[in-house]
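Given next, in structure tokens, is a single chain: the form predicted alone.
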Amino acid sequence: MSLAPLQADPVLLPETIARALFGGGDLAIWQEALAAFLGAFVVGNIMLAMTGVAGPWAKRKITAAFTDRIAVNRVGPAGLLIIVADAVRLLGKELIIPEGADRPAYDLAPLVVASSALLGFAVIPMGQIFGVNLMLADPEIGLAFVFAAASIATLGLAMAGYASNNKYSLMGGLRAIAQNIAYEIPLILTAASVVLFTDTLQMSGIVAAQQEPLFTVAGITIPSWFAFVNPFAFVLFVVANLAEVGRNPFDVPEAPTEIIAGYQTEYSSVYFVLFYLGEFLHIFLGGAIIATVFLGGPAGPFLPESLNFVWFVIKIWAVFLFTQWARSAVPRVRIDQLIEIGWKGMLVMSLANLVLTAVIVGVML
């Protein structure tokens, strides 16, 4: 496998829209802004549509399958209209503001949580659908940007816990801060081990570096996806991602049996919907990062490059399925155990992986 990055130069979605609307040549600022807005609108609605299916319907179906129960099956075919029913039910509820709440922080917290996940998708290479590249931007610091965008959600959780004027909410916010700090560092260190191989933070470069074959067994070619090149780092990243998206065994910040619902205890109606939406957007964002950094991005067999967006969707839904399995099958750990696992376990292993990777790359170079 070549350690040098294979630089890609994708035609981004805003560029494609600008060419379709305004033709070639130099564009005015308002034309570039309009093309960027329309591109963000397309990508955002794709992710919101998948989240709308995952939250009200897929989550229940998957959990029911794991626990041998019957999930929603009475509202529409296969219960699919529960998506519409839940939207009407939740948005129709009264928005109750707790007495003594800090209104600016209370009102902004759900928006911060949901929007931070959507912001992260701006630099994710989602592949092509009918030849149109679904990528909004490809900065040289793409990987750092996506982690920075995702980490903004921690601020939203802290704001919600503090502003609700509720001790259980405050405890949930503090737990969220402690958990995210403890697991974001191993998450970033593990991703840094991939950067040592690719020598770039650019997301398209990381995907391009995984396109070469790793080896061939019985006529089957194994690609140089970093899940195969460094499976230990892949496992570390997947486990740390569970903590980042708040899935078992790391759902302590909103543990219903201990602190009711943690930071979102005092939220209802559209505010609760935004928190719920943000939760699943972050799960899909985590899946998108895993797919990009460890699973070759949108690459996959049997489909032409012009339709490889399908593989990207399959990969992030596979990560979603894993998080729901963990939610159904893995017991929650205590907050002290969670912090100990993060600082004494995940941090040490991620540092060891980073050092070992640096040695291997140094020897190979």
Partner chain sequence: MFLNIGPHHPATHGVLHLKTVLDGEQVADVEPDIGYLHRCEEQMCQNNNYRHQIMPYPDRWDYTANLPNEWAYARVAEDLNDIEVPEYAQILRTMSVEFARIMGHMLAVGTFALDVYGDFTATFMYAIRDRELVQNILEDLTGQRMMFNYFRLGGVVWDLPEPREEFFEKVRDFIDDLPEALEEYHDLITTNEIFQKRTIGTGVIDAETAKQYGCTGPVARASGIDYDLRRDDPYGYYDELDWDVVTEDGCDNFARLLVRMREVEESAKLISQCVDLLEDWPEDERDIQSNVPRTLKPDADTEVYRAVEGAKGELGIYVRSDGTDKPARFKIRSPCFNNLHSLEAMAQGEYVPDLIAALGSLDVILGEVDR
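Residue numbers count along the first chain shown, from 1. Here the structure is a predicted model, which means the values were calculated and not measured.
Below, we turn to the form predicted together with the partner chain, even though it does not appear here.
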Original post:
in the predicted complex, does S328 have a heavy atom within 4.5 Å of the partner chain?
Top reply: yes
**OP:** Look up in the predicted complex whether E258 has a non-hydrogen atom within 4.5 angstroms of the partner chain, and give yes or no.
**Re:** yes
Original post:
Within a 4.5 Å heavy atom cut-off, is M50 in contact with the partner chain in the predicted complex?
Top reply: no
Original post:
Is P249 close to the partner chain in the predicted complex, meaning a heavy atom pair under 4.5 Å apart or at it?
Top reply: yes
Original post:
In terms of non-hydrogen atoms within 4.5 angstroms, which of the given stretches 297-305, 40-48, 311-319, 334-342 touches the partner chain in the predicted complex?
Top reply: 334-342
**OP:** Using the arrangement in the predicted complex, list in sequence order the residues of 52-77 with any heavy atom within 4.5 angstroms of the partner chain.
**Re:** K59, T63, F66, T67, D68, R69
